[in-house]
Each structure stands twice: as C-alpha cells, then as structure tokens.
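As a starting point, one isolated chain is supplied in structure tokens, in the form predicted alone.
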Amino acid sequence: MASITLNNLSKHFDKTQVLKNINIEMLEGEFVVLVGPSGCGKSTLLRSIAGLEQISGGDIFIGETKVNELAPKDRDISMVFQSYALYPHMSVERNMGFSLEVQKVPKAQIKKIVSEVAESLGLSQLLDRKPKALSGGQRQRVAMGRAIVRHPKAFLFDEPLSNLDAQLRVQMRLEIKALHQRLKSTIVYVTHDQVEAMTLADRIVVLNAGVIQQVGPPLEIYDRPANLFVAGFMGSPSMNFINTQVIMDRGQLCLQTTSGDKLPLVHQYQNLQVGMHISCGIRPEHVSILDSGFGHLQGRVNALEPTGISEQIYCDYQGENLCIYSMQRSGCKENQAIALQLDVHKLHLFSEQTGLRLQQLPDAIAEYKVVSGE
C-alpha cells in the first residue's frame, strides 16, 4: 500500500476545465471517498489517478513515485468499476486469477492466492460458476476479488454499488468496510451516495464543478460544513435554509426572518454584524413540532413521509419547503398549521454574499435569552 498525492491537478476536455487545481494527500492505508453531484469531476479524478485519463497539469504521486507518464499497468493500482466487467466465458476462479496468468505467475501459486481471496469474500463455493450464474452482489465480489489478488499499492472504486438494489448495497458496504479493515489498504472510492460516503470514509472529499469544497472526517463535514453547497449536499434529508438578517433585539443579536420571526443566537460568531444577510441552516433532526404554544416559526404541512421507524414532515414556511425528521409519529395531517421549534444551539450560519460558513468563536455564550415566545 502507498499514499497518493495530487499537486495542482487539472484536467481539460477541449475548452472545458473539469478539474481545477486539485491538491490533496491521501495517506497510506486511508479510505478516502470522493463525493459530489453528477458531473462534478469525481470519476475523472479517479481515472486520472489510474492513468486512464491524461491530465492537463499538475502531478500525481503514488508513494514516492511520480506517475504522470506511467501507463495504467505500471502504476500498481487495482480498479473496481461500476460495471463488473467480468469475462462471461471464464469461471469465477479464472476471472479472479486472469491478471496473474498474464503476469505468468505459476498456476499453483495462482490457485493458492485465488483460493485465499475467495474464502475471504465468501466465494469459495462459486469458483466453478460462470458470471451469468451469479447474483449482482456475487459478481461485485468477484470484481473485488480480481482486484485484491494483485496486492496493489492502492484500490480505486468507481461507484461499485450503484447497480445493486438497496438491500445489497447495505450488505456490500459492510463487506467493503470489513475488507479495508482486514487489508489496511489505501482506497479511493467514488460515489454520489452520501450515505456510502458517511459510512465508509476515513475522510471525505466533497467536489463541485471540479473544485474541492471541503476535505475532512465524515462527522466534521456533517457537523461543520464549510459552505452552503456542502451543507445542502451532505445529509439526507438535506439541511433546511432560511433567509434572515442580523438585528439587535433588547440588547442581544438575533436573526430575523423575512416574516419577522426571530431566532436567538446562543453563540458568538466572527465578523457578525447588524444588518448582515445570513442563510440560516438547520438540520431536519434539529427541528421539532410543538404540541401547543408558540414556536420559533409557524408552518403548514405540505406532505408526510412515514417510513415506520421514522417520519419526515414537509411544511411550508415563507414559500420554502422545510423538512422535519422525527423518530416519533407526529399525527400531523396535510394542510395542518404547526408550530416549529428549532434547536438554536444547532444553527449553521452562512454569508448570503459569499456562501461561506461563519466561524463560531471558541468561547460560546449560552446566556442569551430566547427571543421567540416572549
């Protein structure tokens, strides 16, 4: 295994720049997930590391070796694609060991290596089968096994679970995570599925329009998104946003919505000034419905999505669709007026002008009075 370092990496297709000054070091043995919407450049970045795309600028290092000019076969990496790309006429055993055959590894050694990898992936009973006799999850395990037998410096996964159904995706996520813990290998994994990113990664790289928006551990990105894009993209259901303005009320700073509702600020923030326009973010799980009384906001239910274990309630506020995520069954009805209480300790403040997160000062102030309901 080896580290992967990208220095000022860029990629153009004709006049379109799809990767812009990518700088990141992926540590030896680290599981790094590249996540972002379709067309953000994450698969192009992965293919550039693999050598399947010729980069337009910058450098790629695998370990201490600069690999810009090396062919894919000389980079000592293995790639698992969205398409399983198995040879239909070969057995599982030959599919897994074919790359070793090409390298003229002795047959007895190939059989031993394939047998060990097959056992670790639960494929020992399937070695004589052809791909057409396998389920989707089994085919994906064969594709993973084919990559593992080579003992590469790094593994590259390009949306490997997108062709599987929901239950199989959960199962394969667990298997990939267990594989990483067992092999301690460097893995770069591309997905548009934020649940995959949150559950698999040591670190997440969030991309948009070819630019890195934020890099960090999953919970850091979820709890402290760097900008409006990351805040809106990471999280399912996604973060709610309310347009507000900073005002002074009874000697304390607070946020006032366009409808005149007021949200107290229980923390101090850098560069926060009266009159600033702020996008106030709040996760759906930090919004609750009051049984009675006056909440921070008054909304009206648009739709309900019960899942059995939880419920998502969508309501209209100021023409915006706010989501409430609850582990309780609310009993709400469509078109019902409801009072919403926000956990003001969990607000995320972003500048409407720059989209950047406002940084909370280290000494939080907890004694602000709750403005709403007085």
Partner chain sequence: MNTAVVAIKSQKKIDFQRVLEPYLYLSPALIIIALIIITPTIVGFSYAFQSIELLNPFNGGWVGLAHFKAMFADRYFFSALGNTLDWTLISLFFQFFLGLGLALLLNRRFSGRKLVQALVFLPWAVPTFLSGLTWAWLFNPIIGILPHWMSSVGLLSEPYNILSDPQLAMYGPIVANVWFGIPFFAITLLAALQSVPSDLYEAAAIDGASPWQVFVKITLPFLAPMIAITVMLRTIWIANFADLIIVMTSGGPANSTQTLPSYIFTTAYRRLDFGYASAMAVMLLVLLLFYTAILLKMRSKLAKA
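Just so you know, these numbers come straight off a predicted model, no measurement behind them. Numbering follows the first chain given and starts at 1.
Below: the form predicted in complex with its partner chain, not depicted.
Shown without its partner, this chain lists 222, 229, 81, 269 as candidates; in the predicted complex, only 81 has a non-hydrogen atom within 4.5 angstroms of its partner chain.
Scanning 282, 200, 265, 77 against its partner chain in the predicted complex with a 4.5 Å heavy atom cut-off leaves one residue, 77. Using a 4.5 angstroms heavy atom cutoff to its partner chain in the predicted complex, all of 47, 50 and 88 count as contacting. The stretch among 97 to 105, 183 to 191, 117 to 125, 238 to 246 whose residues place heavy atoms within 4.5 Å of its partner chain in the predicted complex is 97 to 105.
Within 4.5 Å of any heavy atom of its partner chain in the predicted complex lies no heavy atom of residue 129. Though the partner is left out of this view, residue 72 does reach within 4.5 Å of its partner chain in the predicted complex, counting heavy atoms only. In the predicted complex, its partner chain lies within 4.5 Å of some heavy atom of residue 150. In the predicted complex, its partner chain sits within 4.5 Å of a heavy atom belonging to residue 146.
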